[in-house]
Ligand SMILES: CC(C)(COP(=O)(O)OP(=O)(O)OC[C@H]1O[C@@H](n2cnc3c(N)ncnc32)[C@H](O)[C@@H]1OP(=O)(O)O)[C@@H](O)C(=O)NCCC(=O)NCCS
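Just the one chain here, the form predicted alone, laid out as structure tokens.
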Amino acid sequence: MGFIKYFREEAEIIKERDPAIKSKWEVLLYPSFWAIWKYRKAHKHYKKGHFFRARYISQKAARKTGIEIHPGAQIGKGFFIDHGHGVIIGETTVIGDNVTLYQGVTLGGTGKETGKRHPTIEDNVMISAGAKILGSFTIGENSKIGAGSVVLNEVPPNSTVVGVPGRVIKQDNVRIPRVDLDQVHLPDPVKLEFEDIRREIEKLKERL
């Protein structure tokens, strides 16, 4: 892909998902714009076996943008990183189409695995600020990962995950539009637990 085509496509993606942008030229000021562009170049070298050249490009981009994407990762179309500082994407990560990440996200390994060590993120997933997804499992399509969550296990499609460790607290058979980027209004698992306890207490009171 040439730079002009990439610029046009990325401008549309950012305009769709970031209300702060006022002009397509502002995309040139986004760290994610340059991090993803450099990743695409580095990934081509990686696939050809030019590993040093690939890592040189990716590490130089990481120093400039604060976003570290290993050139071996596989990333689909419509990928967007909002803000982006502190994002880390490991070598065997696989990311589908129309995925959105926020700052401080880690797609990493556990240190105990070999081969496929990093997560697979399916289409239309949103991963909120500070979330950590560690291990070689899949985050199902149309899912949301809440801010600060630590996800260590498989997540079914159309799910909402929050907490440490991350728990699926909502699962619907409804597709989540990729423009639904609300990181705040997610279910609160502690509140839900208290509500369950309160209902049980009310039942016991009635029986007594």
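So that there is no doubt, residue numbering starts at 1 and follows the sequence shown. Everything numeric here is computed off the predicted structure, so don't read it as measured data.
There is also a form predicted in complex with this ligand; it is not shown, and the following applies to it.
Give me the residue from Arg40, Lys64, Arg53, Lys170 that has a heavy atom within 4.5 Å of this ligand in the predicted complex. Looking at the other structure, the residue within range turns out to be Lys170.
Candidate from Met126, Ile95, Ile89, Ile81 lying within 4.5 Å of this ligand in the predicted complex - any heavy atom: The residue in contact is Met126.
Is it the case that Gly146, even though its partner is missing from this view, gets within 4.5 Å of this ligand in the predicted complex, heavy atoms only? Contact with this ligand, yes.
Please check if Thr160 has a heavy atom lying within 4.5 Å of any heavy atom of this ligand in the predicted complex. Residue-level check for Thr160: yes, a contact with this ligand.
In the predicted complex, is there a heavy atom of this ligand that lies within 4.5 Å of any heavy atom of Thr120, even though the partner is absent here? Although this ligand is absent here, Thr120 would stay clear of it in the predicted complex, with no heavy atoms inside 4.5 Å.
In the predicted complex, does Gln103 have a heavy atom within 4.5 Å of this ligand? Because a heavy atom of Gln103 falls inside 4.5 Å of this ligand in the predicted complex, the answer is yes.
Sort through 40-48, 160-168, 55-63, 22-30 and report the only stretch with a non-hydrogen atom within 4.5 Å of this ligand in the predicted complex. Result of the contact check: 160-168.
Does anything in 33-51 come within 4.5 Å of this ligand in the predicted complex by heavy atoms, and if so which residues, in order? Nothing in the stretch sits within 4.5 Å of the partner.
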